[in-house]
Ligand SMILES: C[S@@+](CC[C@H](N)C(=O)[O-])C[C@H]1O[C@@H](n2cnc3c(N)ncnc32)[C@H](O)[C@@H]1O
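Presented as structure tokens, the chain that follows is alone, the form predicted alone.
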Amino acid sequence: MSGFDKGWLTLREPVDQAARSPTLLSALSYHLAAVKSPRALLDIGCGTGSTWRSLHAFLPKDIEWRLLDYDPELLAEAKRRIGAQARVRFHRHDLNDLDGLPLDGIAVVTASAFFDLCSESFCRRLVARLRDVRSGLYAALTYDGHMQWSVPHLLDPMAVEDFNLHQRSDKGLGAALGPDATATLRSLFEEAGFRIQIAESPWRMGQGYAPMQEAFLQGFVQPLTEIGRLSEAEIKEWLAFRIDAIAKPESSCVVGHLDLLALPG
């Protein structure tokens, strides 16, 4: 599974931090404070370390962190941004190898904006591994398929529909679940006997997030082109309208995400 652009990850980090469900963060902190052993978190697909930056101040201070990614450039950037921390270690690992995932001593696996890129088969195998070692999962900011702009355009519904269809293509871990990821995880964890909490964590992008909004919109071009239901002219016209609308005082965009916390029963 290939990594993401560092610039995009930097733009989205403050939006992600604001979107996370405080209810689930509190539940995660309470669980970690209550368990005596193991006392470590494994963040898969860690990117530049955004999950650590978002969570570590809210969790017990003695928690050990293991940050895992396959992209060496992103891991190097995570090390640079986090700096020397006694309780943080870094691992390069291909997540296609779930049997080799370093779960010894892990109380909870974390992942952010990740599971909508994964297949049902991947999720099923991961849940089975977590069940066997009695580790939990905190899966934050999983895209749920919903977008809404305060300044509408006639092509918005088709653009979102095509974007969601493209989300289900293979991103490196099999045919991706896209907007169905959280519902699939919930079903799999219920079958495995876990206790589950789910909360909404939508992006809310107004005037303060103009660069993020534009980068987000530019990310539609490839999916819409590859799906092919909209013509090149229609895509250009829709994109130009959406980017021009960002500057309007009343303009905002909400993108639906869900947080999930699954803990052993």
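Numbering starts at 1 and runs along the sequence shown. Quick caveat, the model's predicted, so the values are computed rather than measured.
The discussion below concerns the form predicted together with the named molecule, not included here.
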property	result
Whether S119, D144 and S169 all lie within 4.5 angstroms of the named molecule in the model of the complex by heavy atom	no
Selected contact from L103, L155, C123, L173, since only one has a non-hydrogen atom within 4.5 angstroms of the named molecule in the model of the complex	L173
Among the candidates V160, V127, V88, L74, the residue which, in the model of the complex, approaches the named molecule to within 4.5 Å (heavy atoms)	L74
Candidate stretches 111 to 119, 144 to 152, 160 to 168, 191 to 199 - the one whose heavy atoms come within 4.5 Å of the named molecule in the model of the complex	111 to 119
Interface membership of L67, the named molecule in the model of the complex, 4.5 Å heavy atom rule	no
Interface membership of R186, the named molecule in the model of the complex, 4.5 Å heavy atom rule	no
Exercise: I246 in contact with the named molecule in the model of the complex, heavy atom 4.5 Å	no
Contact test in the model of the complex: R131 vs the named molecule, heavy atoms, 4.5 Å	no
Neighbours of the named molecule in the model of the complex among 21 to 55 [non-hydrogen atom within 4.5 angstroms]	G45, C46, G47, S50, T51
